[in-house]
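Just the one chain here, the form predicted alone, laid out as structure tokens.
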């Protein structure tokens, strides 16, 4: 029960991003794992044996998220960041939460029907959640970098969440 409360507190930190070391101090990978699995399952599409479904396979999403987080973490460490490897993975993983919510909303919008209005609603939702994920993660990670290298750390974070957002936006169910 104690771990569930800690995970819940980290979700609140991502929902209301502010400069705080609580998310960095007590890192865990349970929340990011749950978010990654949930996002991968929602993006999977229709049947497992279909070759023409509208979304990526589970393993593709899982690998893109975890490999991307590892690359961003290594970039941060090589640029002189003071944050530990697993702290960075924790922050990047928890900040996928807004994009997971965006995927849930997009699935509901797609159930209501397709068309131009559906795409515009999905574009607005995914764009807002992309900005939220990027701002939340940079609020935690940018302070651990030397001042003259912050842009070199923020740009890969931007690309990481952009790729995930693009997968969500271009998802079409079978």
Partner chain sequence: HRCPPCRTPGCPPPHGSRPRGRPAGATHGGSMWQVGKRQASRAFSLYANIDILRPYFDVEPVQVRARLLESMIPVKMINFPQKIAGELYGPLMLVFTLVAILLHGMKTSDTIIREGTLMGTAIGTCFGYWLGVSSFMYFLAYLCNAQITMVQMLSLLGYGLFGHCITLLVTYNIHFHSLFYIFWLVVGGLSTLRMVAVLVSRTVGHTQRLILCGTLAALHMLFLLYLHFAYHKVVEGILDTLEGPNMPPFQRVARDIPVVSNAVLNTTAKAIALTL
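Residue numbers count along the first chain shown, from 1. Just so it is clear, the structure is predicted and the values come from calculations on it, not from any experiment.
Not pictured, yet referred to below: the form predicted together with its partner chain.
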Would you classify residue 107 as touching its partner chain in the predicted complex, given a 4.5 Å non-hydrogen atom cut-off?
no
Using heavy atoms and a 4.5 Å limit, would one call residue 116 a contact residue for its partner chain in the predicted complex?
no
For residue 166, is any heavy atom within 4.5 Å of its partner chain in the predicted complex, or not?
yes
Heavy atom to heavy atom, is residue 30 within 4.5 Å of its partner chain in the predicted complex?
no
Would you mind picking out the stretch of 136-144, 123-131, 63-71, 31-39 that comes within 4.5 angstroms of its partner chain in the predicted complex, counting non-hydrogen atoms?
63-71
